[in-house]
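Here's a solo chain for you in structure tokens, the form predicted alone.
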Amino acid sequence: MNNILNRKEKILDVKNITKEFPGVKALSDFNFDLNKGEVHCLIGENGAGKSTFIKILSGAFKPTRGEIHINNEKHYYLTPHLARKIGIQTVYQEDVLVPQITAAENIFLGSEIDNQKFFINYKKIIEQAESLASQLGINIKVSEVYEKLSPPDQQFVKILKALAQKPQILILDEPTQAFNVKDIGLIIQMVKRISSEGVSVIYIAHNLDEIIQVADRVTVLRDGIKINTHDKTAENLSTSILAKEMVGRPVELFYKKKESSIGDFVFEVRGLKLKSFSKEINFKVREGEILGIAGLKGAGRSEIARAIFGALKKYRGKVFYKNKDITPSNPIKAVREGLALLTEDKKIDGLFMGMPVDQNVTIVGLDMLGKIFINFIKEKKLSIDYINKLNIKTPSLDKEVRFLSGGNQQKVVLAKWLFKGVNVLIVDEPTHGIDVNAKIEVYELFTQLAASGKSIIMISSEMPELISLSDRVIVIRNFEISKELIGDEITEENILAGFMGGM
């Protein structure tokens, strides 16, 4: 096999790479190497450090410390320009191509083929794109507008665009996310053909069966730490081995939630469909219950939240509160019906960063401060009440919220919705980007809110968070509910099984 022959030719050697963000260590002394013509898979839960690592290799992040050796040349960090010059191409999970132009134009966008000084040779672009696709055994209409292609064909276009740059290292981030079994097989075949031509591939995926099929080696990351590297040709590697290494955190990492009574079902999502091919999504939430939603990014978690809140056009579905149809057509109506959505990016969707703390707290409830004119004295008094209740640390009410820490910003978002008096809180990645101590404070707030009768729907990528706080967990896979877990069933292994497959 070509891969075995090239095993001794190491082209990438990462030594003790560490990346720290305020309050968070995303990678800790991480070591990783890659050989010519090899498919080296990188696996781990959401938040394990995989995305941080590939952003370091692509030049998007600068490591805190460590070394990157490429073809025996040492670098302390890479820039996007240097990464591309060296021959590193990254195909991200998110779509970054232009929807309105053809597949062929997207493939060569930025490196257009021309036969005259000022004109692009479109005929040659199509011929070159067809030739590149043919070399990899891909049957795709490259003259078709990109947005009209099927999801697998769009993924092929992204990979072909990277390969058109003749890389020596190709990084694939979840290349088969939301694909069916047949389409996954096509991607795997293509990756194997690419590696057989001498291109080295770093392959990131969550489906463990897929990993076993495509990998030459597999490295497991957990909480920013390398757990193990397996050589598939030398070991009897199985999905169960990989799954066990991805989980198994010590008990002290889990928050100890205080128990409280849970009431009857009060909130219901009925017949929700976000894609024409997906099954209906149905679930209920009790009064005082925290319902966790697990799943991969891109599997439909955030889309469900936005659809419930009236911020995303849905295929169909209804929302009920205490058996009353409150299906909102837009977020304003959702708020009027007692719903609140705390989005993942609070700086864009949750707060007015240039406004003071007190105005952020009262912004959705200005009608409570006066019919025509705002009662500023009342605003200050109520803001102080919520700042004290949620223990928001700010020098003054007039301090612009952008100067607060991430944890205190999140508390301001919560204060805003509590001031309005909502019944159902939908929170998307509630502790993203905040430090450990601030997380504990947010957890305690959620516990208190649930105990007071609020219903909470919590979307999270963090296993300890889901397990510690949730009374129930539903797992989303490909815009469908794949599992529902209750009580002692809520474990890392069971959650992983719901969205990874192969267990």
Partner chain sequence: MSNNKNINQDSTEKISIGRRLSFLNSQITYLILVIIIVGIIATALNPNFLTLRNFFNIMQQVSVLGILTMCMSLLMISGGLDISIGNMAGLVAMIFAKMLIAGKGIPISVITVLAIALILGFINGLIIAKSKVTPLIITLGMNYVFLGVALIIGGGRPQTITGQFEFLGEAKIGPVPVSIIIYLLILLFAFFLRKNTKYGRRLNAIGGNTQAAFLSGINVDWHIISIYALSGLIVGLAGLVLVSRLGMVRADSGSDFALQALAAAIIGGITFEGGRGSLVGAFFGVLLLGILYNAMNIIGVNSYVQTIILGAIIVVATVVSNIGKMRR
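Keep in mind that this is a model prediction, so the values were computed, not measured. Numbering follows the first chain given and starts at 1.
Separately, the form predicted together with the partner chain exists; it is not shown, and the next lines address it.
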Practice task
Evaluate Asp398 for contact with the partner chain in the predicted complex, applying a 4.5 angstroms cut-off between non-hydrogen atoms, and reply yes or no.
Solution key: yes
Exercise for the section: Mark Glu94 yes when one of its heavy atoms lies within 4.5 Å of a heavy atom of the partner chain in the predicted complex, and no otherwise. Expected result: no
Exercise for the section: Although the partner chain is absent from this view, report whether Ile363 comes within 4.5 Å of it in the predicted complex, heavy atoms only. Expected result: yes
Exercise for the section: Classify Gly300 as contacting or not contacting the partner chain in the predicted complex by the rule of any non-hydrogen atom within 4.5 angstroms, answering yes or no. Expected result: no
Problem - Interface segment, criterion being heavy atoms within 4.5 Å of the partner chain in the predicted complex, picked from 416 to 424, 205 to 213, 278 to 286, 292 to 300 - result: 416 to 424
Problem - Contacting member of Gly224, Pro175, Gly350, Pro430, with respect to the partner chain in the predicted complex [4.5 Å, heavy atom] - result: Gly350
Completion exercise
From Ile374, Val247, Ile101, Leu82: within 4.5 Å of the partner chain in the predicted complex by heavy atoms is Ile374
Completion exercise
Within 52 to 85, the residues having any heavy atom within 4.5 Å of the partner chain in the predicted complex are none
